[in-house]
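Given next, in structure tokens, is a single chain: the form predicted alone.
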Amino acid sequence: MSKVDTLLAEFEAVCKNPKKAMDDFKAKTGKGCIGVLPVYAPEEIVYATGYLPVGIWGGKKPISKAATYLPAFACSIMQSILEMEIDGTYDDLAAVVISSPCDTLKCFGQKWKGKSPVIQFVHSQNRDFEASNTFMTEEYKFVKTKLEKILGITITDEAINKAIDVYNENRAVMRMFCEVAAMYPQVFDPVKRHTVIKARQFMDKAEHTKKVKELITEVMKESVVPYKGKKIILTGIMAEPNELLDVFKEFDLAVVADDLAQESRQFRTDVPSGSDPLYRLAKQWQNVDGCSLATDRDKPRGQMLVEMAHKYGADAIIVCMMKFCDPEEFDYPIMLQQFEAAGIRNLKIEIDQQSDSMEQIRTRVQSFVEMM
């Protein structure tokens, strides 16, 4: 097994068994984990506590108990998170941090039934003014204070600033990884590319950075060869379950870039420099661009994707539309007009984490590839 295969296998193992990754972290450090719900949360504050921030994005799980607390039109991410929470999956977490970027998440803290204490905060949506930064600084101060009370510790500005450095380095390395993955689609098929990115949700960011750097170094020893299949860009909240990525792989579709909330949007925007860490984190939120969950009256997302398609020589953009996600659905008609005006081939597919069959999507993707 090559070094590249070994590293990819390590990332895959983390994704397949997050519980083991969490247990290993606790055994190594003596500290536990804190859950972070989609989509944006100040993970650096959590990291500064010495606890491990763990991304909670749901999963493929039959829904029964969650239906008691959530309407049928809540997205599958929220349905599966609540189902697992009721089953006790998250009971070992020291706390759970919940942002409120959509209607379902706004009330999610009230629906949380487990043992883990909940910290819910709000992102400002009118982000054009300095008042937004002032508001967000106070919200992050609230998160910090709640964590200190729950964990019985003091979180210093120095610790948060150091955490920001760790996260900014990881963001830079992940952006580099995405560039390398676009150059080597024969190495990073859609599943493997996703695995490297997803693993960062369950790993210490410093350790993840180190492993990704190793992977990049090893891959770049290989020659860049022309790709015989088609190149695509993904946009949406997420491209899961993995069976969906298997469909892309089956038809030789290489993901050369993405605009997924679970993937590149997580590391697209650095935290700016400064001395006040909470204000720095507030400024980062103000700088987030091209996301359906961060209000922007100019709606730049479609044009960003068009430029991305030109940059990477993509043959098409595939919109991964999370079922029942209003913010994404609001963006889609505007993006579609921009894609059509630019002559960019595009396909919209519906994402449901609980879907048992990919046959309809498989047929649509197959037809789309044949048309290309």
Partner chain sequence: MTETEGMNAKQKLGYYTNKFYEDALAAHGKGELVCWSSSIAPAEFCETMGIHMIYPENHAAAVGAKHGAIEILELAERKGYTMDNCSYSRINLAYMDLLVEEKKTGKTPAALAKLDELKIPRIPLPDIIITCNNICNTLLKWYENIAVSLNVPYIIIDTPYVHDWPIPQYTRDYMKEEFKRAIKQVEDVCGRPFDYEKFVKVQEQTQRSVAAWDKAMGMAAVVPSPLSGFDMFNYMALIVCARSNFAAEDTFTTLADELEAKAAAGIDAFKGGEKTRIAWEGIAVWPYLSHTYKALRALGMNMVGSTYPGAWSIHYEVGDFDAMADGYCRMYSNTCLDNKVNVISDVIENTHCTGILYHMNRSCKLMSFLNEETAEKVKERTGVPFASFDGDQTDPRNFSEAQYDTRVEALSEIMEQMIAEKKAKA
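Keep in mind it's a predicted model, so treat the numbers as computed, not measured. Positions refer to the first chain, counted from 1.
Another form exists, predicted together with the partner chain; not displayed. Remarks below refer to it.
Engineer: In the predicted bound form, does every one of 74, 122 and 131 come within 4.5 Å of the partner chain, counting any heavy atom?
Structural biologist: Yes: 74, 122 and 131 each sit within 4.5 Å of the partner chain in the predicted bound form.
Engineer: Using a 4.5 Å heavy atom cut-off, which stretch among 26 to 34, 325 to 333, 43 to 51, 308 to 316 contacts the partner chain in the predicted bound form?
Structural biologist: Only one stretch passes the 4.5 Å heavy-atom test: 325 to 333.
Engineer: Looking in the predicted bound form, any heavy atom of residue 173 within 4.5 Å of the partner chain?
Structural biologist: No, no contact at 4.5 Å.
Engineer: Looking in the predicted bound form, any heavy atom of residue 348 within 4.5 Å of the partner chain?
Structural biologist: So residue 348 counts as contacting the partner chain.
Engineer: Answer yes if any heavy atom of residue 102 is within 4.5 Å of a heavy atom of the partner chain in the predicted bound form; otherwise answer no.
Structural biologist: Yes.
Engineer: Decide whether residue 165 counts as a contact residue for the partner chain in the predicted bound form under a heavy atom distance cut-off of 4.5 Å.
Structural biologist: Contact with the partner chain, no.
Engineer: Taking the partner chain in the predicted bound form as the reference, which of 206, 220, 107, 153 has a non-hydrogen atom within 4.5 Å?
Structural biologist: For this set of options, the contacting one is 107.
Engineer: Identify which of 186, 126, 145, 273 has a heavy atom within 4.5 Å of the partner chain in the predicted bound form; exactly one of them does.
Structural biologist: Contact with the partner chain in the predicted bound form is made by 126 alone.
Engineer: Within 288 to 324, which residues come within 4.5 Å of the partner chain in the predicted bound form, counting heavy atoms only?
Structural biologist: Sequence-ordered list: 292, 294, 295, 296, 297, 298, 299, 324.
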